[in-house]
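The chain that follows stands alone, in the form predicted on its own, written as structure tokens.
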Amino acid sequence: MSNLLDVINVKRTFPRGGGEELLVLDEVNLSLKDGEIVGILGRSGAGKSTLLRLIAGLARPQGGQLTYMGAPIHGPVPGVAMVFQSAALFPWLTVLENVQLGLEAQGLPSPEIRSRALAAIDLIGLDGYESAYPRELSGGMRQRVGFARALVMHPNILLMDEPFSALDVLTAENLRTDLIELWLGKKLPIKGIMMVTHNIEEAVLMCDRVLLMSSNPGKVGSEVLIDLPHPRERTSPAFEDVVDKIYVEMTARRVERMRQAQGAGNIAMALSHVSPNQISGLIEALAAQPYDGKADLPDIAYEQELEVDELFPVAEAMQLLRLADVEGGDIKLTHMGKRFADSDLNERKEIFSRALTTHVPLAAHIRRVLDERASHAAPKTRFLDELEDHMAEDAAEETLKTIVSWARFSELFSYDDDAALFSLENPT
């Protein structure tokens, strides 16, 4: 018997300026078996949502093959339904009318459409709200309508693109619990689920396997099996061990790539935008009790209420600046990180400035160019063009934005956004 889904050596590119192509996904391989929930974890920009769109047949790959139950995917697949981060309901339609839309498009008899829609609404816990309009519903209830709209199609595969991320913590937890109970009770009309998430605990709570995607380009870097019985207890040692393992896997490869780029003096190292205030805040949290300079990444994420896409960029920035070491799922302040925590604002600026010129090749490069020019000024395009030779336009913009933020805090150099001009305020 074939898998529900197979993705084989899939490649996806997007056009860039000058006729070039940006490689978003490269040699992606994965499968989904009958009875599985598979999670896809990765940083923003890893191509997770793009991958789901390819699986749903909403986009075409530039290479490789996708098959649904052994048949090639060349367009939208009737047996695959998708739930998005936002339910995107039609505001002028009632709950019942929103859920019925897909069935109406299939031309089914009216009695069957109504019967299946009412059953889906009841299944997802919205019985009694059939005549309500989206404006009358809470965010969690609107998302339940999105689930009902997908389930009413009786798909074999349900794709979920961060379906709980826009909800508050309690609402998301309630919806996750209900969905898992329906799945375990075999009450859902589906055979397999594939979900994209940036929440590690959510993945461990729900999934049988988790695929960890690396970035630039996106590909499946590793797989973590989650052989834990349901219901899963977040505070159990076994649950925490799996969470720790995923944190270690997700940080180790990224940190190694960063070290290699630093060692080579590579100015084209993509940086996520992290403000000096975020860096200072995490340093202060780590320096305080109960951590005393060292913390388990899952613990600090939980205590500071940070998701992966919030914590990892800050931790990596601290690693880059040598203010902390990230290794084995832990983050530990370095000697300079501890000095930073104990210093006043002026000394913090000096520490930050030295770290920039010593450990961030692009910052040192910009400062060197400004020092060497008689005007001590250079246009943004001078550096943006260099970055765009090695990365996408949006990544180049974000990298420069980060450098500007760090340089302003440390007073390493200035930037005039109106004139798009870098300069030295007090050239030496």
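Since the structure is predicted, the reported quantities are computational estimates derived from the model, not experimental observations. All residue numbers are counted from 1 along the displayed sequence.
The discussion below concerns the form predicted in complex with ligand ADP, not included here.
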#### Entry: One residue of Thr67, Ser44, Gln62, Thr381 in contact with ligand ADP, assessed in the predicted bound form (non-hydrogen atom, 4.5 angstroms)
Ser44
### Task
With ligand ADP left out of view, choose which of Val38, Ala56, Ala392, Leu370 has a non-hydrogen atom within 4.5 angstroms of it in the predicted bound form.
Ala392
### Message
Within 4.5 Å, heavy atoms only: does Ser49 come near ligand ADP in the predicted bound form?
### Response
yes
### Query
Looking at the partner-bound form in the predicted bound form, is Val24 within 4.5 Å of ligand ADP by any heavy atom?
yes
### Proximity to ligand ADP in the predicted bound form (heavy atom, within 4.5 Å), stretch among 358-366, 26-34, 392-400, 371-379
392-400
